[in-house]
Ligand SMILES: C[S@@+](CC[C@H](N)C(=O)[O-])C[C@H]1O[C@@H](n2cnc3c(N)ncnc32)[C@H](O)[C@@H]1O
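Here you get one chain, nothing else, as structure tokens; it is the form predicted alone.
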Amino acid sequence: MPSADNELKSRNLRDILEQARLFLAGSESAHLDAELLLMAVLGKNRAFLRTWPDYPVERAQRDAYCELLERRKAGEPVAYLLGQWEFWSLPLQVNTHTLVPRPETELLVEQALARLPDGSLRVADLGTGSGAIALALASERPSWNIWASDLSEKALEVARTNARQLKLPNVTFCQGNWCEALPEQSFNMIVSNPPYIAPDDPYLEGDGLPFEPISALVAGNNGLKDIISIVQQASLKLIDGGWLLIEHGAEQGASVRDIYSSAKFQCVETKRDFAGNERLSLGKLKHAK
């Protein structure tokens, strides 16, 4: 396999960027990846790349760029190479202890915000990872009291750092398995993007996924094990009329709706993401009289 060092012969910005795109050819995001990595190495924005095509790239910068290109060519996500990623317009630190926040998960944030008004409400985000969902909600609803749980202390370290950097004090982080980590209180809403990929799903070999934490991706029972646990636990933690929102796989909508209904949730429905895939199921808990 050709190395980036051999492929990138030029010294000016325009040519080295074009050669980088060719080196990453085969990836759907080759053009964007080449730009993002070069911006990071140079400490410049996209406008600079386009305004100064003859800008000379120094040898040390070129070497650093080649190293990042090699790692990207091997499948490592750009988010890990940059050390951060944007979600809900928030810059978030990420690393191999957290999933890379994905744009389809913003649907979960949108639907959560549509379900409850501003006010002193209690909301929980289960399996928070980098804190993406909890911090997006906190940024939009500063009066909400949000608890964000995760089994991984390493992931919680990242989430706490993101909360500090974004100056969002209305999120409390707690370690533990799903609702078991939450305080002895009832919640107005619980949201989660849990593991939902089956262990034998070929999707796991997709671009970047082998580098992400397997525990945050894979669940038993055809990917439904953790969703079942969350629904069962949430039915004991939500107030009467409280909402539960869970992201899931595109083929799991019908199964997740059945799981909700068996736990006495009402108003159960599934929302589709921007690609038209069933991505999120939600329901309102009705306590038995």
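Heads up: residue numbers just count along the shown sequence, starting at 1. Predicted model only: the values in this text are computed from it and were never measured.
We do not show the form predicted together with the named molecule, though everything after this point is about it.
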Worksheet entry | Partner-proximal stretch of 198-206, 115-123, 145-153, 75-83 relative to the named molecule in the predicted bound form, 4.5 angstroms, heavy atom | 145-153
Discussion item. I need to confirm a contact call. Of Asn188, Gln111, Ser139, Thr105, which residue comes within 4.5 Å of the named molecule in the predicted bound form, counting heavy atoms only?
Written reply: Thr105
Response to the item:
The one residue among Ala216, Val158, Leu168, Leu90 placing a heavy atom within 4.5 Å of the named molecule in the predicted bound form is Ala216
Worksheet item: Looking at the named molecule in the predicted bound form, is some heavy atom of each of Leu99, Gly176 and Asn193 within 4.5 Å of it?
Response: yes
Worksheet item: Who in 250-286 is close to the named molecule in the predicted bound form, meaning a heavy atom within 4.5 Å?
Response: none
